[in-house]
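The chain below stands alone and is given in C-alpha cells; this is the form predicted alone.
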C-alpha cells in the first residue's frame, strides 16, 4: 500500500507497433581498455595530441576531454602559436569539438582530415547525459570528474542560450528515470533524486529513481551545426584516410581517429564496442519528454561475445530519407564485435524488452 507521500508518475509510453518501428542502427564505438587516450607529447618539435577511445561516452566527454587535452597542448606551444598549422585526424564529435574549441581560442589555421564526415558513429549515438555518470572503476579519477562537469556545463549553456553558435534546441533538459541511485557515480549536476513509481497506463509499472537535470543531445543537429560553424570559420575539410602519422608534418597534430587509432598508434587496446539501436517514428512527441536508462542483463551471443543489454528510451529529433524520427530505443554493448559479426538478432531483443517494460507484453 503506497504511503501518502509516495510519488506516482503517470507517463505516456512510446508507440511500439510495427508501423512505429523504423531504422535499425548498428554502430561500433571506439573503446580503449582501462582509459581513453587523452595525452600530449612533443616528438621532433611536433606537438601530438591524442584524444580517442571514449567508448559510449563520446558525446558525454567530448567538450570536457577536448578542453583537457588542449590545455595540455598549450603548455608546449610558444605564445605566438595561434597561426601555426594544425591537423586534426577524425571527423566525429571529438575531431569537430577540437576544431570548434580551437577556433574559439583564436587558432586560425586548422585542417580536419577524415575519410568520411557523414553517417559516423557520432551520428548514431543516443546522446544521453545522465545527472550521475558511472563510467567504470578505472575511469573514476579527479581529472575525469572535472571533464564530466565541464561537458555538462557546456550542454547546459547551449540549452540556456549562452552558446550562441548553437540553437537551444540542440539539446534539452529532461527528467531521467533509472532503477536506483548509483553510489559510485560522478554527480554531473546537483539536482535532487526522488524515488517514484512509473505508471504507463498499460498495466506496466516500475519503481524507479527520478533524476532531474538529465540531458538529451540531439546529435545529428549538433553535428550539422558544428559543420556549418567550422566551414564558416575557415576550417578546411580534407577527405582522406591517414595510415601513417609520419605523413602529417604540421607543427600540431590532434589525433581523434577513434577506431582508426588502433593502427595509427599501434594501440592494441582500441577495440569496437558494438551497439544496436532502433529508431521510432510517428510518436506523440509532446507527451514523451522523459528519458529511461537501465541495465537489463549480461549474457553471451551465439558467436561467443559477451553482451550487455540495456533498456534506453529517448526522444529524437532527426529526419532520415524524409522520414521524421522522434524516438530511439536500445541498447547493446558487445566489446570486440565488428561488422563481420553484426548480431542482427539483437534488434528484435531491443524491441521485445522495450515492449515488456512499457506495455508488459512481448
Ligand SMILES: Cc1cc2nc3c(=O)[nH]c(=O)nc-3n(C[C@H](O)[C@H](O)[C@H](O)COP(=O)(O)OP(=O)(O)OC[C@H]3O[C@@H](n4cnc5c(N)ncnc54)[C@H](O)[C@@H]3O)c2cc1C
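As the structure is a prediction and not an experimental result, all values here were calculated from the model. Positions refer to the first chain, counted from 1.
FYI, the form predicted together with the named molecule isn't displayed, but the following is about it.
**Q** Residue 65 versus the named molecule, in the predicted complex: is there a non-hydrogen atom within 4.5 Å?
**A** Because no heavy atom of residue 65 falls inside 4.5 Å of the named molecule in the predicted complex, the answer is no.
**Q** Can you work out whether residue 122 and the named molecule are in contact in the predicted complex, taking contact to mean some heavy atom pair no more than 4.5 Å apart?
**A** Heavy-atom contact with the named molecule at 4.5 Å: present for residue 122.
**Q** Flag residue 30 as yes or no: does it have a non-hydrogen atom within 4.5 angstroms of any non-hydrogen atom of the named molecule in the predicted complex?
**A** Contact with the named molecule, yes.
**Q** Using the partner position in the predicted complex, report whether residue 56 sits within 4.5 Å of the named molecule, counting heavy atoms only.
**A** Residue-level check for residue 56: yes, a contact with the named molecule.
**Q** Among 143, 268, 116, 207, which has any heavy atom within 4.5 Å of the named molecule in the predicted complex?
**A** The option sitting close enough to the partner is 116.
**Q** With the named molecule left out of view, which of 221, 84, 193, 264 would have a heavy atom within 4.5 Å of it in the predicted complex?
**A** Selected option: 264.
**Q** Tell me which of 229-237, 198-206, 167-175, 250-258 has residues with heavy atoms within 4.5 angstroms of the named molecule in the predicted complex?
**A** Looking at the partner contacts, the answer comes out as 250-258.
**Q** Between 209-242 and the named molecule in the predicted complex, list the residues on our side with a heavy atom within 4.5 Å.
**A** Sequence-ordered list: 240, 241, 242.
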